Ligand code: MLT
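Below you'll find only one chain, the form predicted alone, shown as structure tokens.
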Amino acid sequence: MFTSDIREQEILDYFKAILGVERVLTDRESLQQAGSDHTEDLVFLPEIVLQAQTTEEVSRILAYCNEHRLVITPRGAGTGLSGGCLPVQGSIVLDMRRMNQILEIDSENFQVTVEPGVITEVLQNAVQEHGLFYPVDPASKGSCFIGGNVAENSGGARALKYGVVKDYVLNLEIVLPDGSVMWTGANTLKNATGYNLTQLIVGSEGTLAVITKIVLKLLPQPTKDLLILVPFYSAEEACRAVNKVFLAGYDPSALEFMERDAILAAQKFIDDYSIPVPEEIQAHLLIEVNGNEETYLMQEIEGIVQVLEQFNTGEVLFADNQNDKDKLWRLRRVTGEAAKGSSVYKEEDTVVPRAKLPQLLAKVKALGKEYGFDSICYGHAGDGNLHVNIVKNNMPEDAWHNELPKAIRELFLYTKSLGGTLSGEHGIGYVQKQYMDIAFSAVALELMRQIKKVFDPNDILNPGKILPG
């Protein structure tokens, strides 16, 4: 409910005057949609959904909310996995879907300026027409918004070679909680001018400011790629093989891990069993190389296969046409959605130095035996990012709610001991904040609280996220 003394009708009248009646939503269907994302089965209904279309509208909305102490939660496409856009305190959701324009593609300077509601794959396709490449490719790239990607510092399969969102954001137009509008940096490849406010906003999950324009660095578009699927008789051996590829001097553009249950769930989800998964196969690595010289890429993929021959593998599947490549990538990209559809679930986004990946996987399975849960594991093995889907199946309710958090804390403590951390690309949001004391000291957490207070002294913008307590 609204915590402000101002009457609800007065609030509605103000926003309708700014946005028009059609962009101030209070119907049950809109509130229900805005109250959930892809995080577990959590739902928090807001009172109002506002659909802004310009920076000026966002500014006026935030200034009003700040003046009257109205909590407001920015929302993109709602594909998040940590509850970052959930309106946990109700009140208002600021829906950014109407700010969906690609404002400028600067081919000479390899840059693009976009609004936050642009779908990531739409952006990629648009710049590709100019021979340019935006490589960050979350599994949900066909539906997620670039603004949400920036807010979460998203990654994806090709983060291995090309990096994550933070490596491409040059400048941001933001609106502060008091309605002030500012740019955080400059549209230059180098910038050593003052504190790096741009990178502070990237990954801040909508807790410090609302992003209204984004300037991204682009690359030349690679013209060739090769893709193989390598089956392993042991999941841990598949994890051990990952680092050997890099130690041999190879630089794949993607190196993905899927254990047996993950690929079977994906096949069932899309009803496509054309890729055989023999009973004895326990995991697969999906490996891509890309560039512009096919001869060189063929040498590279053959070298990678030779490295993997020292392990106990099955027959390597080479995707020799675009249809086969698309089929393999679809299988990998739906894995998360397939795992979630199999049962009530919790997903952990653990990340460790990649040489420690076998130990991490072994710990997940050991904890499962100890606490009585099943898990489906997959992820970006090349950068040590393991997605652990803990599925409820037949786990008793009491154990699910009371014992499982102990197992998750134990997993995160072990992850930290390996030199890793809580999240590689999904963010902390609402569901992981209780574990932040594992990743950071009390001093570091207090510093983050003070940063939040400087930006948002009245705590109106996406409260209840990231920081514990």
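So that there is no doubt, residue numbering starts at 1 and follows the sequence shown. Fair warning: this is a prediction, and the values are worked out from it, not measured in the lab.
In what follows, reference is made to the form predicted in complex with D-malate (MLT), a form of this protein that is not presented.
Contact annotation: of the candidates Ala139, Leu172, Ala159, Leu216, the single residue with a non-hydrogen atom within 4.5 angstroms of D-malate (MLT) in the predicted bound form is Ala139.
Residue in contact with D-malate (MLT) in the predicted bound form (any heavy atom within 4.5 Å), chosen from Arg332, Lys363, Arg260, Arg354: Arg332. Judged against D-malate (MLT) in the predicted bound form with a 4.5 angstroms heavy atom cut-off, the residues Leu81, Gly336 and Glu347 are in contact without exception. Proximity of Tyr134 to D-malate (MLT) in the predicted bound form: non-hydrogen atoms within 4.5 Å are absent; the residue sits far from the partner.
Heavy atoms of Phe145 never reach within 4.5 Å of D-malate (MLT) in the predicted bound form, leaving it off the interface.
Look at 378-386, 316-324, 194-202, 117-125: in the predicted bound form, residues with non-hydrogen atoms within 4.5 angstroms of D-malate (MLT) sit in 378-386. Contacts with D-malate (MLT) in the predicted bound form, taken as any heavy atom within 4.5 Å, map within 412-429 to Glu425, His426.
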